[in-house]
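So this first bit is one chain, no partners, the form predicted on its own, shown in structure tokens.
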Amino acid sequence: MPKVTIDGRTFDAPAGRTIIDIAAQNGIEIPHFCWHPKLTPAGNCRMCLVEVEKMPKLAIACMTTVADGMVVQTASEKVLNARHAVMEFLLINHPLDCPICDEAGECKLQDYAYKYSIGESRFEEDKVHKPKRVELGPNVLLDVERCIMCSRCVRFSDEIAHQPVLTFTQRGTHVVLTTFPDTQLDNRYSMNVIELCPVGALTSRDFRFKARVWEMSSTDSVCTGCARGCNTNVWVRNNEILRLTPRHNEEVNSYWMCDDGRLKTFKHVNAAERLSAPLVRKEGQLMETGWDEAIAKAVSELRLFRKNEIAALGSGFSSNEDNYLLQKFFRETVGTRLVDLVEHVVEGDQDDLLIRADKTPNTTGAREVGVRPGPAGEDLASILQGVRDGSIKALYVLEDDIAADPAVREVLGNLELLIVHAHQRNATTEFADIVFAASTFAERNGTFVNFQRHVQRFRPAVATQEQDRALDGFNMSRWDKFAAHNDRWGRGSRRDARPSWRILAALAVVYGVKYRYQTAEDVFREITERVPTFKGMSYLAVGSRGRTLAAAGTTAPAPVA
């Protein structure tokens, strides 16, 4: 294996790798604009120039293949002078609009100008002006004046999204990024070019001018749009989610996520229609009530029915902790064997990159922790048939709008009792007798299992009124600090929603069963003790990258008869 020396450190370098690859792999930063580890190298920007011993002139690190015995200097005087020249060249026609640029605070050009530029320009002529606010597609806007022609977006569209619609036209200082005639950037991954763009040329129409990066908190989370479970960052300001961005995880989503995941999976968290308290039906109307009253009424109503008249539906949208406690409560405390869930598979809506036909983030996990048909085949079909013929009189639904399916909606009117966990009013809550205001994925701790059986954590990014949320891993001091500067962060603006596992634990207490869970992590710890495929896991072990379940040959405990 070739050996290469970079800045005095010697590394083994697999044949065919480039200098910038080996440097990045070993924690040595070589500044760059056009290079990206998942795109073919282009050698456009010249920012990665390095000095290679015995070479007559500087070499670009992104295109120079390592050779045995190669000695590289990344910060020699010759290299630094070249970087100063490249930065001066790039800034000649770049607009000085950092104060209004969405990329400010995340901009490579801004960072490198501070780190490698000489701080002044010898250019005294008028800058070249180019088109601004160009609509490349439904989700991406282009400011050509800011573009440094790195071609990252062009290569992504060609190589990853397989929609080759971007190109450069004109020459020299008048080069313009554009789409081919009669085309637009409208593939399902188009917004990835926004992160790929090292400057502020490509911006999100949804997020444009809403906030600066330093005004928002960033929380590691997981996309809930499908069974892929793309790793994300949730960006929050004033207790409101403003954007989701992909977080690198090579085992799950690499550097990418789809546009639907970015735009359609968090708006309900901010919705004004969110439930802010439990609802109980009184005189035909759902009315807000206190948690104690709602929980007591739910238990008293459930006790009116025999155990074989009660069924429960878990949810692929809920966490492992929620689903585990649902099946435990209904099988071990209530005594019913009728526990299953509704699957949400859209046949044909799947591709070879990220998008999956299963539109839930956790159906795999729900099945793994025990939400599945009982030993006598008590599945969803038998539950719906029981509701239809009247043998099942009470149904408990966990965070799923099951009435969105007309076939399910048709039979719900036969129930004598319907209890629902929901984030906001929906088709199912129209039939409900009791509605518990459940917190969303962005307001609680928990885990999902994607279709690859990869366990992944999500964390609270938005505050609720839950009294003991500090015990559930929420950084109260941070929120309180922000509250001091913005009245919208006061307690009154936080919704009184609770994690579903905590609601179920409260029901068990009224039933006379004491669940000793203080946090979601306590529930997960019990899962690791009772479900063999989770054995040896913990929140710490799962971490930010996730961990794969044990072999599928082992299963959760058999449902209690």
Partner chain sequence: MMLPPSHPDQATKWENVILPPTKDLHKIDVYRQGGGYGALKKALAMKPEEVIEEVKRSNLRGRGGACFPTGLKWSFMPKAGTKAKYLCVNGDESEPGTFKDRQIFEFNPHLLIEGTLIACWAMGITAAYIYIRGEYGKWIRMLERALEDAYSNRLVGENILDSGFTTQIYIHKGAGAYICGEESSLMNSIEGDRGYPRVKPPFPAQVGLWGCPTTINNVETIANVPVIIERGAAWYAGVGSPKHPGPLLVGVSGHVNQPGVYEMPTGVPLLEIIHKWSGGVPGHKGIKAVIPGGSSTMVLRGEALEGVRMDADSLKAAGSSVGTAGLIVMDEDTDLIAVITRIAKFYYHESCGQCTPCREGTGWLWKLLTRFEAGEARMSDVALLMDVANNIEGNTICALGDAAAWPVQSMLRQFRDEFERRTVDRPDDAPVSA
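For clarity, every value in this text was computed on a predicted model and none was experimentally measured. Positions refer to the first chain, counted from 1.
Quick note: we don't show the form predicted in complex with its partner chain, though the next part is all about it.
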Heavy atom within 4.5 Å of its partner chain in the predicted bound form, from candidates R133, R171, K282, R303, belongs to R171
Option touching its partner chain, based on a heavy atom within 4.5 Å in the predicted bound form, out of D126, E273, D351, E293: D126
Does N44 reach its partner chain in the predicted bound form, with heavy atoms at most 4.5 Å apart? yes
Close approach of V513 to its partner chain in the predicted bound form, 4.5 Å, heavy atom: no
Please determine whether I92 contacts its partner chain in the predicted bound form, using a 4.5 Å cut-off between heavy atoms. yes
Using a 4.5 Å heavy atom cut-off, state whether E88 contacts its partner chain in the predicted bound form. yes
Here the chain appears without its partner; judged in the predicted bound form, the stretch of 529 to 537, 24 to 32, 500 to 508, 50 to 58 with heavy atoms within 4.5 Å of its partner chain is 50 to 58
